[in-house]
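Here's a solo chain for you in structure tokens, the form predicted alone.
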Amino acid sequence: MGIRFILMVNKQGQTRLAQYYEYLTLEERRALEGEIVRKCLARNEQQCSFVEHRTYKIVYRRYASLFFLVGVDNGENELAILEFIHLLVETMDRHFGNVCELDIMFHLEKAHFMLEEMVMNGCIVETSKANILTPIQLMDKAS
């Protein structure tokens, strides 16, 4: 398995979306998120976007006021994960039109649905924006 978790966090360190692909108790999740968020937000823009933490490699990227953090196995390709983060942001941009923190907060189920279309059991299974967004557009038409 490659991806262990995906977090979307604002500049204040508040988690806006969390998706885990391995079992962790709520206490473990809360502690892990706090440690990782503090570590990543404390870094400046001149530092690289990869951080090792416990048994994970954290790949992160900041877009406007949101940080996208992905925890992966140590053997995972960091640049491929950066591309995945960019694809996720582009997909959300296409659907929401310049995605922002409020889009995630008010449409959390759609953000989770996009992630579920892209990642299954920690493996990236879909990279086509059209294929990711088609089911969401169909749901929007039906409602």
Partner chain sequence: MKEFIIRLVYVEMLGHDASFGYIHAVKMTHDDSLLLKRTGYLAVTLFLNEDHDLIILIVNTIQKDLKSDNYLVVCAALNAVCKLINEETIPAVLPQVVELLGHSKEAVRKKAIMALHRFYQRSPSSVMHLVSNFRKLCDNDPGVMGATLCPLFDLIAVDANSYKDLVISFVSILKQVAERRLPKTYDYHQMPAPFIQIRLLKILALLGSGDRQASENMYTVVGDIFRKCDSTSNIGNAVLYECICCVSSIYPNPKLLEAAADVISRFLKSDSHNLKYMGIDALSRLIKISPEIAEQHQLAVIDCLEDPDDTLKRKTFELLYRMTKSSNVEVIVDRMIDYMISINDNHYKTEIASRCVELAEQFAPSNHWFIQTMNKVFEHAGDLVNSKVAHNLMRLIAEGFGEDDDTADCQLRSSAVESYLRIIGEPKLPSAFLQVICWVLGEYGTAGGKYSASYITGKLCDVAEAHSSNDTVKAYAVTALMKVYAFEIAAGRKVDMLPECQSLIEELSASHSTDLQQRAYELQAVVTLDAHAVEIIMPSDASCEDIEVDKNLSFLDSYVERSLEQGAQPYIPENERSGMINICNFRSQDQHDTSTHTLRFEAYELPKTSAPPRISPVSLAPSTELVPVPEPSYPVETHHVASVPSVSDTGSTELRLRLDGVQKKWGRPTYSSPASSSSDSTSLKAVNGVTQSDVSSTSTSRTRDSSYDSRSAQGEISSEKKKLAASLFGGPSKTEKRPSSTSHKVARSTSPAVEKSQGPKAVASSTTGVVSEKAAPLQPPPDLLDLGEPTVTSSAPSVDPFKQLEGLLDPTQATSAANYGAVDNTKAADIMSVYSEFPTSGQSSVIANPLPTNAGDANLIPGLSTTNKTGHAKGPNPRDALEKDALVRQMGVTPMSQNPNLFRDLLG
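It should be emphasised that the depicted structure is a prediction, and the values quoted were computed from it without experimental measurement. Residue numbers count along the first chain shown, from 1.
What comes next is about the form predicted in complex with the partner chain, which is not displayed.
Student: At 4.5 Å between heavy atoms, is Q47 in contact with the partner chain in the model of the complex?
Tutor: Result yes; Q47 sits at the interface with the partner chain in the model of the complex.
Student: State yes or no: in the model of the complex, is some non-hydrogen atom of S65 no more than 4.5 angstroms from a non-hydrogen atom of the partner chain?
Tutor: S65 lies outside the contact set for the partner chain.
Student: Test of understanding: in the model of the complex, would C100 fall inside 4.5 Å of the partner chain by heavy atoms?
Tutor: Heavy-atom contact with the partner chain at 4.5 Å: absent for C100.
Student: Should S128 be counted as a contact of the partner chain in the model of the complex, where contact means heavy atoms within 4.5 Å?
Tutor: Answer yes; at least one heavy atom of S128 falls within 4.5 Å of the partner chain in the model of the complex.
Student: Can you name the residues of 88-114 that have a non-hydrogen atom within 4.5 angstroms of the partner chain in the model of the complex?
Tutor: Counting only heavy atoms within 4.5 Å of the partner chain in the model of the complex, the contacting residues of 88-114 are E90, I104, M105, L108, E109, H112, F113.
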